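The data below hold one chain only, encoded as structure tokens and taken in the form predicted alone.
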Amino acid sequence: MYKLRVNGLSAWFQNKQVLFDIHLEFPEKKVIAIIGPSGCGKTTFLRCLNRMHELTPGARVEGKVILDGKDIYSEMDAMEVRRKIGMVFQKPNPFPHMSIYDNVVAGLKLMGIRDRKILDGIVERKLKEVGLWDEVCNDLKRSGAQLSGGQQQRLCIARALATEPEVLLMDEPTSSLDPASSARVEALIRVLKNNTTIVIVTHNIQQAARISDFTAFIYNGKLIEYGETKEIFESPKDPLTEKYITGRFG
């Protein structure tokens, strides 16, 4: 079962092309790692998967991104796309003037959900899901910005999960965290894939090997190789992939 399909995806910033004719299929309830050196187009590719790329002035996309049989660019509203395909960013970004509680329910309120009992239940469930409930349950009115970096990132993941996305995009979610916090987020990713398809951009080759089921290697905006992570790391087919994962460039 493929949850998300990318057919002939190309992307530009103004006149500069940054992605070139990418074709990929993402299996349902798996973790897919996107690897490649800095500036190769990984984050742009991720942002194209939920139409965030189009928010940048002068940016445009060609090709198709198909979620459950529907092209997200021609057959779905952008708000619906971003509800079904959530995103967690590289740097934890809780809304600074909102409480922990209000951070979690922000997306739900935009969807028109106001029933306090419903919101209370979702807040508790999602904070438990990310392993944060026991740490903050007695202080939900506290500003999300006052939490530690690792706690902030787990809060942002809870916020993304609150709208029940079918796909979760994660752009280097542990790059600004200490090793202990990174390990907690990795453990969380392993649990989340039981219900959600996860696409993670990472510079950390070891992390990709640890947590992903499939790996895509992108270089200079082009897909070089894609396959099961074990195969990519143990017997890559393309010499460029082998050079990258063995640290000979990048």
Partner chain sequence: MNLRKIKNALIRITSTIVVVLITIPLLWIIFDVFIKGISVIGLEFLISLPAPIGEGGGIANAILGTLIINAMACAIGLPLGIATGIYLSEYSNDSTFSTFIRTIIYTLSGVPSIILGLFAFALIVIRIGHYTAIAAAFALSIIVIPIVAKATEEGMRAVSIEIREGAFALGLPKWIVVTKIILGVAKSSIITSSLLAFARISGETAPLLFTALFSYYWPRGINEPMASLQVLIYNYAMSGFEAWVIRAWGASLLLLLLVLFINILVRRISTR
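What you see is a predicted model, and the numbers here were worked out from it, not measured in a lab. Positions refer to the first chain, counted from 1.
Separately, the form predicted together with its partner chain exists; it is not shown, and the next lines address it.
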property	result
Partner contact for residue 107 in the predicted bound form: its partner chain, 4.5 angstroms, heavy atom	yes
Touches its partner chain in the predicted bound form: residue 150 (any heavy atom, 4.5 Å)	no
Non-hydrogen atom contact residue 79 with its partner chain in the predicted bound form at 4.5 angstroms	yes
Heavy atom of residue 125 within 4.5 Å of its partner chain in the predicted bound form	no
Segment that reaches its partner chain in the predicted bound form - one of 115-123, 97-105, 173-181, 136-144, heavy atoms within 4.5 Å	97-105
Single option in 185, 201, 52, 65 placed near its partner chain in the predicted bound form, where near means a heavy atom within 4.5 Å	52
4.5 Å heavy atom contact with its partner chain in the predicted bound form for all of 83, 91 and 111	yes
Contacts with its partner chain in the predicted bound form, stretch 11-49 (heavy atom within 4.5 Å)	47
